[in-house]
Structures are given as C-alpha cells and as structure tokens.
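Next comes just one chain, in structure tokens: the form predicted alone.
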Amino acid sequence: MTHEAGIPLGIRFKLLSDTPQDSAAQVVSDVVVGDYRDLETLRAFARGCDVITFDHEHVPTEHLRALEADGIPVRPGPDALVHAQDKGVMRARLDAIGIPCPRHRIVADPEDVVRFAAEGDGFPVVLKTVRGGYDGKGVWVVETAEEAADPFRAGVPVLAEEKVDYVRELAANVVRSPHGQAVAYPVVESRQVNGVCDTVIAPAPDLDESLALRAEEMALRIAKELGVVGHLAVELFQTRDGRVLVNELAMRPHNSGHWSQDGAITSQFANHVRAVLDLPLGDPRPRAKWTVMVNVLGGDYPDMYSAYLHCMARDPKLKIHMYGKDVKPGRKVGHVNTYGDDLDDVLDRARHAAGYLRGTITE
C-alpha cells in the first residue's frame, strides 16, 4: 500500500522481503529475499538506496545504527524506533516527557507481579513482554501469581501495567518530516476483537473536542520529542474519568490509519512516503463526514474473490483492499473502507462487506 502511494510520484522502491510471497513482494519489481536480522544482508541491500523505511518495527536497533554509520538515512531512525520496539524504553521515555500512561513498571518474577498489584488496586494486572508482541500476542491479563508465570518463560523482560478502566480505544495518527513539518489526522475509534483490530471509525464518534485536541497534541509532541520521521500511530485508552492514556506506539503506516486510503485528502501511506523523502506533507483532512474501515479476517472459505461480485454490486461505493495473503482462519487478509454522511449506514455497509468476504454472511 505504501508502494501504491509512491507510484504517482515516480518513486522507485527496493524491497527486502522474508519470502517472495510477502504482500509487498507481489507488487514491487526490485525484491531482495533475505533475513532483516542479518547485518551483512541489510548492508548489501541498503547500497544504492536513498533512504530506508519499514513496514514493521522488528529490525534490530543496533543494525540500524550500523546503517546510519555507513551513511544510509534510516527513517524513522533507531533512536526513535526503539520506542516502538521496546515497551520498557517507551514507557520510561513517555514518563520523562510527561505523557500520561497506565501505572506500570518492569517486574522480575511472578512474586513481583503480586507486589505490583498490591501497590495499586490489586488484580487483574496486564503483563507484556517488552519486545515482540503484536495483535494481542505477548500480552496477558492475569488474576494470580500462578497465571503470571507464562510471560517470564519467553526469557525477556516483562512489563506490568494496571488494567485500565476505559470507555473505548482511540488512535491518534500523525506524520512528521525530517525538518519538523507535521500533520495530524482526525482521532479515530478503534474496536478490538480478541486482541485484533476489527473496526476503525473516523472520526471517533461523540468525542469531546477538547479531548480530541489533547490526543492530537500528545501525538504531535511524542513525534517531536522522540524525533520520529514518518508516520506515528499513538494507540490510546479513553478512560471513564475523562483522560486519555497512551497504550502503544507504532512508527509505520498503521491499521488505525487504513481508513485514510479512501477517506482522507492525503492517505497515511502517501504522507509517510513524503515524510521519509522530506517532501512537503499533504492535507490529512477527511473527504467525508464518516469513514469506516473493517478488517477482513480469514475464515473457512479460501477463495474470497468469488465474493467480489456480490459486494461490488451491492455497494458500488465500497472500497476493497486485499493483501495477497494465503487465507488462514483469523489472519488479516484485507480490509474494506466505506464512507458517507450516516454513520449507522456506513458501519452496516462495511461490516456486511467484510463478513461476506470472510464467509460469515451469505446474503
């Protein structure tokens, strides 16, 4: 999707891919298959590149520092990206700059989890491995010391957090360029199912304007203080007592911004490309009153393309985005975007299309 955004600008992409079947490898012409965890592979790949950017945060921080030492621009740079790679580093830095977060600390063992719980309101407590978690993986909600044993088996530090009493999850998406220009997209509501993003509504319905501005300002401040270049997604909790707390950071085009492909004047993908190339950023304002994105998850029907006829005929304004992935139950294989003036109608159209593509709706 980032490659697609660069095509009208004549930007040539070179891709380091795990396998030839990866989504981007199916559309980028210059593909190198290799292991991003191997420094010499990265160095060989980077030769001749004007700038390096990412579609995930897992490239080792020390390798990115080596690329910078070789004179290759890396955006976002390792000093920024480490805050999306390591939840412990992220929490410490956000504390230092005064950004509100859930109560937290690194814990040493299950007994330390019990002490952490006693320091607050008791169990339940949320435990997270500081590196490697994604889409609910590496996250546990525990009620006892016995339940707290699993996270420590991964052999990496474990972060304990209070279980926040929240109304809903929000996301503030911003983009920042190397010389400090920044834009903010409308704050969206993100609805999760089994730890995976299911639905995004832009803008977040019934969100107090002052709270929306506070969320946007927090995201812009985080981007500036951390030196982010490119797209930054700040995932947030809206608490019952009227606050917004930072849950996670992502420094790449993000699922909570996919609505912008069809719902914003300039998509998150186009602005990410502009930012990493230090081009002027585009207008992030929405094109319609409401835009809804619903993820298409794999189900029991491997051939989703036969459902296009029904979905496109039923809703000519529907936008379908598929990723070229093998269909597996529960796996994100695409998303749909709908837009319009009536939120209930827009939500219904998006949910119907995503459900029909998955096979859970048959009429």
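Please read these numbers as outputs of a predicted model, since none were measured by experiment. All residue numbers are counted from 1 along the displayed sequence.
Only in words, not in the display: the form predicted in complex with a further copy of the same chain, which the text now covers.
With the partner omitted here, the stretch from 222-230, 285-293, 109-117, 242-250 that lies within 4.5 Å of a further copy of the same chain by heavy atoms in the model of the complex is 285-293. Three-residue candidate spot Thr266, Leu281 and Tyr308; every residue lies within 4.5 angstroms of a further copy of the same chain in the model of the complex by at least one non-hydrogen atom. Taking the partner from elsewhere, Gln26 is found to have a heavy atom lying within 4.5 Å of a further copy of the same chain in the model of the complex. Contact between Arg358 and a further copy of the same chain in the model of the complex is not found at the 4.5 Å heavy atom cutoff. Residue contact check for Ile11: one or more of its heavy atoms lie within 4.5 Å of a further copy of the same chain in the model of the complex. For His254, no non-hydrogen atom is located within 4.5 Å of a further copy of the same chain in the model of the complex, even though that partner is not displayed. Put simply, of Val164, Cys101, Ala145, Leu277 only one has a heavy atom within 4.5 Å of a further copy of the same chain in the model of the complex, and it is Leu277.
Between the options Gly324, Pro302, Gly330, Gly34, the residue in contact with a further copy of the same chain in the model of the complex by a heavy atom within 4.5 angstroms is Gly324.
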